[in-house]
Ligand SMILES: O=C(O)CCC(=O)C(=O)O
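In the block that follows, a single chain appears as structure tokens, in the form predicted alone.
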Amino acid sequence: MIEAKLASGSLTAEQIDSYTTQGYLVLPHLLSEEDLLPAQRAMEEKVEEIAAEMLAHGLIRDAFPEATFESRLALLFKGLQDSEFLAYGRSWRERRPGYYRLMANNKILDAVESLIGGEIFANPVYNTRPKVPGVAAGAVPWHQDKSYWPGANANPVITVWIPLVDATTENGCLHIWPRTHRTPVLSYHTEEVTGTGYTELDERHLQRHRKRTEPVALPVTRGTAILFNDRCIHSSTPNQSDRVRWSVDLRYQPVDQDPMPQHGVGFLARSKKNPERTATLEDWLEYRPQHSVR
């Protein structure tokens, strides 16, 4: 029997129950090629800028202008050191129109609305993540997103993780520990292997959870969305392929919670009460959290 959709948002009662119970939800093929293309173009613009800079600095002799989206960044950094990749950041959080269009996508907001209601704030912590083969920074250790904002008065913050290429066990898909979202913020440390500054859960917590349940790998296709609670323990493995595993992680929360200005400027993505205050692309580009009504 197919569940009827709820009045608010796009998720079924069964999907909401699964998210509430497990701490995460997979929405296969949520986004179309048309939905993904603006964000992909933004990533390609960044890669073009990186290639030009590397060429100018003599790091490479070939900028591989004809290479595909999945392969170009891998070719640029092949044979180079982790530090040379990290010079451009472990992830990117730039103000490019394609990223706003993805964060403001109604298909994403409809799903989030089912979980937190129609007053939705897009958290300033959004990331474009190129997981490059052979670069240690591509592996993200077990952590809770909330470890990056432990003191913030914000719960839940919903992460929406979307791959721009098929995410596989070979190229480093997301791994999630089900039903860990009801835990408090667990103790953690800064991992010391990759030089990225990622937070990592203390081993004793992982040992305790291993006695209860096992994490699950989530290989998914391009355009699928994985939604999870910011307390849910998760990680991703190294990229063992020869191509880049591109993904984004976007975050949303109710508007009455901490906007976390110490992390940047988020924006009002949806408001059923005050739709005229929803931030436009121009607002976002100018770092305005909502539209000014005069």
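If you're wondering where the values come from, they're calculated on a predicted model, not measured in any experiment. Counting begins at 1, following the sequence as shown.
One more form of this protein should be noted, the form predicted together with the named molecule, which is absent from this view; the next part is about it.
- Looking at Glu70, you'd find every heavy atom of it more than 4.5 angstroms from the named molecule in the predicted bound form.
- Taking the partner from the other structure, the named molecule in the predicted bound form has a heavy atom within 4.5 Å of a heavy atom of Leu174.
- Within 4.5 Å of some heavy atom of the named molecule in the predicted bound form lies at least one heavy atom of Ser236.
- None of the heavy atoms of Phe77 is located within 4.5 Å of the named molecule in the predicted bound form.
- For the residues Glu119, Asp82, Asp145, Asp166, the 4.5 Å heavy atom test against the named molecule in the predicted bound form is passed only by Asp145.
- Heavy atoms within 4.5 Å of the named molecule in the predicted bound form are found in one stretch of 249-257, 24-32, 37-45, 53-61, which is 249-257.
- In this stretch, 73-87, not one residue has a heavy atom within 4.5 Å of the named molecule in the predicted bound form; the partner itself is omitted from this view.
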